[in-house]
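Take a look at this one chain, the form predicted on its own, written out in structure tokens.
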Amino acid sequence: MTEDEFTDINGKAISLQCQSHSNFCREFTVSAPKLSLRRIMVYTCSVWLVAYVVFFFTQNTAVLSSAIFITLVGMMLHIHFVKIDHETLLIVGSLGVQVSSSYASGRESTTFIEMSKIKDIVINEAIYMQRVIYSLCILLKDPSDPGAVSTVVPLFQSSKPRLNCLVKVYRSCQEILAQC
């Protein structure tokens, strides 16, 4: 098992763990940094400060109560539905590809794609604003026309690793696909 440090498209540190279970099976895990306590405190304090200023002028205690409630509910929703701790790509040469996302709350989301449905794994580039963003994608075969592509499934959507990280995963995936 190897672990390398990379950065995402915004310059934040991420880590890539590569684990080779056999010649036909490899697992890649991209981990993002944990929730920042400083960021949570700044958000909470700013919401509560605004609520206190509104309370000071209106003398309505419901403002403070609703600010506390909104902050707590917002943090819980963010942790459960938005903040992904790590994303995993497991490629097994004869079976297929499993893509998993683990959220900060412990919830996991997993998708499996059979190898017979996979046409190829590619690095796709997209232009966003004034930047070129690269993403690793799985091309799925069109059932009616095996030579065509029906769907593009992007990988590592939350962590958004840079090209140097994607190239490492891509080359390893291509080695396994070439053996099938």
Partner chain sequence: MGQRKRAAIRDSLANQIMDGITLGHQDSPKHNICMVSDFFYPNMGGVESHIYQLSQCLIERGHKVIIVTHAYGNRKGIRYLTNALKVYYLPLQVMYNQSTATTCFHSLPLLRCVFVRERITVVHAHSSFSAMAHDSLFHAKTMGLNTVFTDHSLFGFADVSSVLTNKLLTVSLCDTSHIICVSYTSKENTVLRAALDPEIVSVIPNAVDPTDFTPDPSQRDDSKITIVVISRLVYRKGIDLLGGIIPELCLKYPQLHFLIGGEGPKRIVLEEVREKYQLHDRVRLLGALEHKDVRNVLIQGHIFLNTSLTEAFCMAIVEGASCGLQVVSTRVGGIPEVLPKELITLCEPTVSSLCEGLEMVIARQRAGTVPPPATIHSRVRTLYTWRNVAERTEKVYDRVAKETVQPLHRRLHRLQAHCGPVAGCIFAFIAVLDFLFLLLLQWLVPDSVIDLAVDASGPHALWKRSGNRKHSV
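It should be emphasised that the depicted structure is a prediction, and the values quoted were computed from it without experimental measurement. Residue numbers count along the first chain shown, from 1.
Not pictured, yet referred to below: the form predicted together with the partner chain.
- Contact check for residue 130: a heavy atom falls within 4.5 Å of the partner chain in the predicted complex.
- Put simply, residue 45 is far from the partner chain in the predicted complex: not one heavy atom of it is within 4.5 Å.
- The partner chain in the predicted complex is not approached by residue 18, whose heavy atoms all lie more than 4.5 angstroms from it.
- With a 4.5 Å cutoff on heavy atoms, residue 145 does not count as touching the partner chain in the predicted complex; it lies far away.
- Listed residues 35, 63, 153, 122 were compared with the partner chain in the predicted complex; 122 is the one with a heavy atom within 4.5 Å.
- Note that among 26 to 34, 52 to 60, 66 to 74, 132 to 140, the stretch whose heavy atoms approach the partner chain to within 4.5 Å in the predicted complex is 132 to 140.
- Of all the residues from 59 to 78, none has a non-hydrogen atom no more than 4.5 Å from the partner chain in the predicted complex.
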